[in-house]
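Consider the single chain below, provided in structure tokens and representing the form predicted on its own.
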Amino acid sequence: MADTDDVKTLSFERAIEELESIVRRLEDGKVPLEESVAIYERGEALKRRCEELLRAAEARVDKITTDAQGQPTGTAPLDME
């Protein structure tokens, strides 16, 4: 298993793919304890990376504004709350 330092360079798709693989391995229950701990820690790092990338994407999303007739009039920052 690679060092967690490389996680910060992974794309969202690659990070989520690896995280899903880790989850499958842990759920299978056939991984030795030491390896389970190591891949769990990597999974945590991958989860944080995915969350970071999702927050960045959400910050870039705009909502489309419309007039009374429902016609698009422009965009405004998306209010996530």
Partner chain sequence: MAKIAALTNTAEFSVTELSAALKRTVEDAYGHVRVRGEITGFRGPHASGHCYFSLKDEGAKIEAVIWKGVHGRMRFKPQEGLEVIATGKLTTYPGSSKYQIVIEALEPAGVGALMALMEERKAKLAAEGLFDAARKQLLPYLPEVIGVVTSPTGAVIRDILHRLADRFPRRVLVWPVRVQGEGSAEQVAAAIDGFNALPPDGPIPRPDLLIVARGGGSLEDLWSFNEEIVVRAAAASMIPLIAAVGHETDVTLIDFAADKRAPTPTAAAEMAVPVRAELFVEVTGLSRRMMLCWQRGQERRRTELRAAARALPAASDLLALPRQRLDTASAALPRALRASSHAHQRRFAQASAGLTLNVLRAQLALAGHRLDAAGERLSRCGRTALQQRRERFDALAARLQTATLANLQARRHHLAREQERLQRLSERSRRAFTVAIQQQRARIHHAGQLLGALSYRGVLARGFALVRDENGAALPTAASIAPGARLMLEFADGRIGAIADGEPSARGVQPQAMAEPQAKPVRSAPAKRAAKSSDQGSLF
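Positions refer to the first chain, counted from 1. Basically, rigid core = biggest C-alpha set you can superpose within 1.5 Å across the two forms. Small disclaimer: the values here were computed from a predicted structure and weren't measured.
One more form of this protein exists, namely the form predicted in complex with its partner chain; it is left out here, but the text below deals with it.
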Closest heavy atom of Thr9 to its partner chain in the predicted bound form, within 4.5 Å or not? no
Those residues of 49 to 66 which, in the predicted bound form, come within 4.5 Å of its partner chain by heavy atom: Cys50, Glu51, Leu53, Leu54, Arg55, Ala56, Ala57, Glu58, Ala59, Arg60, Val61, Asp62, Lys63, Ile64, Thr66
Core-superposed comparison between this form and the one not shown, Lys63 Cα displacement 2 Å or beyond: yes
